[in-house]
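This document starts with one chain, in the form predicted on its own, laid out as structure tokens.
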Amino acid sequence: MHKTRKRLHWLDWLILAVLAGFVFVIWYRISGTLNYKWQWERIPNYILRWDEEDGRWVANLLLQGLITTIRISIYASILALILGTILGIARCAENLAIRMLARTYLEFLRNIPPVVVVFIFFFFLSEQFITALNIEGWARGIARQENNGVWEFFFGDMRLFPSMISGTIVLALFESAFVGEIVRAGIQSIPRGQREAARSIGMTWLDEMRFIILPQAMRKVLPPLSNQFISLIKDSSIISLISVQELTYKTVELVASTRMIFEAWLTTAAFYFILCFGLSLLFRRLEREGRA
């Protein structure tokens, strides 16, 4: 046991030395060859800034983008879970037409690049939905109101509400395909004998799914669903292409206005890492407690 620990300890130091050397080479190339001037001291001001008028600290570009990313990820994950569960159930339906329609939707989304899917959904569905319901005019009316603190807490700047809803819908429709496959696998993992037993006591298909199959299936699919939620957070950067002002979009703005290319993107990468890694630790702990 002692020898194993010593060998691993030596290997750890070797890996750290190689990583440190790699970082040093990159740093030297950027600072020397590219003649890049680092400006890390300016980054904190783009996370939090002091508002002279209100006399308090307020979120600046990067923190605003991070908060929007969190909001969109939460709302999109809820919508994706609802749609994905419906799709997963449809994939296991007895009716052939329902199964084929669900499979066509899932296979279409899972085999097309995300960027293409985002533009298709944005221009053909999301924009039409917002225009038909006049969401933009409704959001502007709320933005003009003085007492709109609750709306801003949940959705941020209401003037940007239409773009946020567009991004949420697009992201949820894309991610629902993966959630649907996870739910389908969970449903099919339940022994067929339980379904036959449910039908033998007179349960309808709906009652069978509601009381027997889905409760067991959802417990089984919680770990992959947790991983999919983390993937959703990372995939949310794609919707910056349709001008949704989340973290990646705000980083592009910051780089364009300050030319702090490496500082801005490294800070953004750190934000994504902290958020996703923190959630992975949380989900891992909840999974262990659930097994106990």
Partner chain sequence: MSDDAPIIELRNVSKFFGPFQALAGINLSVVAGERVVVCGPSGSGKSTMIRCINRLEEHDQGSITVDGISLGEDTKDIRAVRQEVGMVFQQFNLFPHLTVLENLTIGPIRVRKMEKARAESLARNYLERVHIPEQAGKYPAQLSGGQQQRVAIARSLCMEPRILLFDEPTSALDPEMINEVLDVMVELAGTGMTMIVVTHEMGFARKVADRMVFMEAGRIVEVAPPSVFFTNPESDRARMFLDQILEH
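Positions refer to the first chain, counted from 1. Keep in mind the model is a prediction, meaning the values are calculated, not measured.
Keep in mind that the form predicted together with the partner chain is not shown, yet the notes after this line are about it.
ask   = For the chain seen here without its partner, which of 197-205, 80-88, 161-169, 129-137 has a heavy atom within 4.5 Å of the partner chain in the predicted bound form?
value = Going by heavy atoms within 4.5 Å, the stretch is 197-205.
- Task: Scan P113, G149, G141, G193 and let me know which has any heavy atom within 4.5 Å of the partner chain in the predicted bound form.
- Result: Only one option qualifies, and that one is G193.
Note to self: Counting any non-hydrogen atom inside 4.5 Å, which residue from C92, L101, L125, I212 sits next to the partner chain in the predicted bound form?
What the structure shows: Contact residue from the list: I212.
Pick out the residues of 216-230 whose heavy atoms come within 4.5 Å of the partner chain in the predicted bound form. Residues within 4.5 Å: Q216, R219.
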